[in-house]
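Two forms of a single protein chain come next, each set out by itself as structure tokens; they are called structure 1 and structure 2.
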Structure 1
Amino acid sequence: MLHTETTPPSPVKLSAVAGPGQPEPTPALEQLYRGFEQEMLVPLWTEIGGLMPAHPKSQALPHLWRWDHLLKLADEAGRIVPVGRGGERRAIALANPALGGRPFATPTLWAAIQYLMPGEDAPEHRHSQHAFRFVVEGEGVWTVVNGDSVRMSRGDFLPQGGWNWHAHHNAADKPMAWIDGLDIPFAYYTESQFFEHGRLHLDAHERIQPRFSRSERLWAHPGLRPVAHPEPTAATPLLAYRWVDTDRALSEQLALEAEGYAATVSPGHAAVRYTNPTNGRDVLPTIRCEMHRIQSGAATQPRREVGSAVFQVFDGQGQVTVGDKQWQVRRGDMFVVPSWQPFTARCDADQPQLDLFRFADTPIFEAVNAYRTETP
């Protein structure tokens, strides 16, 4: 088990540094620093460069995980790692190389591949962390949220606000993989998480496989809301955003652009944001989720912003640039864009389009008035 860095307290270790505004390294200074260490104190003047840089200098690194590698390891785990109470989920998380070996894709975001064998159940639990599932390929698993069975198929996005009971069951005769996104690192650093176990297995009547969940039947009607539910909710009540809708929305943006109307983010770059129909805001209070489509040969405008993002290639092939890294990507590949690192994606000319699923911690920064963005 990682990071059990708790007791005894790590003593402060101070030494004089050279530079503008720094005190002379004299014996008196040494004595002062020993005093600081004893009293658990650290001066600003030696730390200010790391703590207060001119702009975000992310510790997190741009990094790419290949889908075929992820899938192969998940498949092996499927054979030798059980799913059940205690471990809870057969989920394997991306660990940013610069975050101390912790299972954190970025300082705020968790991203994992989850894998369920035919007939398996992932036990019911709930947690305060906000979560979603996104399906890059496959089908056959149903997620049951507060007793509502939600189908998972390629291209579907399933958000789930904190503190809702949920379990999964694989009703098919094949394994299925998908990705999970959560705000686990944010809750971890800010020490704000709650968790509760539910039932080990679902009831028989919950193992149904309806085409549409009850949440969709109530909420997935454009611009219409049930009069019986008039109040806004912090997270979306809609538990599935289907690919057919997302695909059509992206296609229409590009078609409108072709007809001469403003609809896309920039030429050849369409994008939709998944939103909470009760308030039009982000689908989860801490996570912004979007699907981007880049037309053949087109590219997104370079852009950097406060906060981090994780992408998964949903379809097509292309080239992405994150800071000083550049990768050729294809279906399922996942990569991280750290805070304030410039990002661009380009669709290969021989591909019809490049579809990128994206999630980011932007709502946190917008909520505390700390969001900035820039086109370099």
Structure 2
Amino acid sequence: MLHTETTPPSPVKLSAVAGPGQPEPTPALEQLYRGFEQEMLVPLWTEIGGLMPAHPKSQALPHLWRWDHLLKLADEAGRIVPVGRGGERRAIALANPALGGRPFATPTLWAAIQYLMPGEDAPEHRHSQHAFRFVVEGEGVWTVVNGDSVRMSRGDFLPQGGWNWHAHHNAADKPMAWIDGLDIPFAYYTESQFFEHGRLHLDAHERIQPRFSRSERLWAHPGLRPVAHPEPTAATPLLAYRWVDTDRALSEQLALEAEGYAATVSPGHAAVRYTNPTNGRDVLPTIRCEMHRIQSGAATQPRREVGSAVFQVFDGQGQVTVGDKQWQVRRGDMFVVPSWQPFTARCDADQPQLDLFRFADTPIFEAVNAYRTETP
């Protein structure tokens, strides 16, 4: 019996269409396009508008998630969904409505609410994706990174470079929630992910509750670097940036502004960036993290930039505008600013301040010299 090899249908589909910059539709052009389809070829002239637009056109949309809604659903999950090997974490990701239902806040950034019940352990694992935790409320959970126990409390920012062992345990008598940020979508699209299971349970000596982790005792001294560790590291070795320090830095910027010194981004808008003490760069190679404070009645300058960002309201109330969307926001609410969408935030006049935690993919674009920003 003679067997003939069949060619599967080509996913490339081309149509001769009249239009600016397009060749005149003819039978010969249609025949040429069939040849392109058969050989898996796509001519630039049919795709240039999408591949090379005049400015970035993000696949993501501006979107807002209400913290009280997230917290309610996370609490229900806490009573229904166990934490253990398999699911690994009770983490519920924000899914941008324009990204096809994938658990991606933006094309490069993952954001999730993680929830741990009293006495629970989240098992140990490690992954190549870079990550952080940010606490908008609550305390009692300890994250253990490579055996170093790190306290988690309101306002604390806890970064963690890729491929470090980490687990969590809740030593309190009530649940605790926080947000996770990772570069999972970036690693997914670049096909660079690695993951490895660790221990199911922590050792007894790792369940200690020191006020300061070993990493803080070594690295959390402003302007002072341990001589025993002279080499720069890709990700920060400091595992906790405490709210008391962040709050003071923001307050002092605004106080200096009031005294007539140039200390703020714009009038009434203070901001700090979390940095790696070994090189002064971003805490993580792929993620930039900042805290912004806007004084009562003040607003940020309109701004748009290449790359996407996710914000969480840490405190206060105000109005944010992203592209053509506008929302009134309050503590815990999270929203997305897609690439090249204009953004502004204003603090309500009856509020002392509006504090916004922000993380973005800016280091990726700076690394390839593709970052651009504009203040209209």
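Residue numbering: structure 1 sequence, from 1. In this text, rigid core is short for the largest set of C-alphas that superpose within 1.5 Å between two forms. All values reported here derive from a predicted model rather than from experimental measurement.
**Q** Where's the form predicted on its own, in 1 or in 2?
**A** Structure 2 is the one predicted on its own.
**Q** Taking 2 Å as the cut-off, check whether the CA of Pro23 shifts that much or more between structures 1 and 2 after a rigid core fit.
**A** The answer is yes, as the C-alpha of Pro23 shifts between structures 1 and 2 by 2 Å or more after core alignment.
**Q** Could you check, with the core superposed, whether the Cα atom of Tyr33 shifts 2 Å or more between structures 1 and 2?
**A** Yes, Tyr33 moves 2 Å or more.
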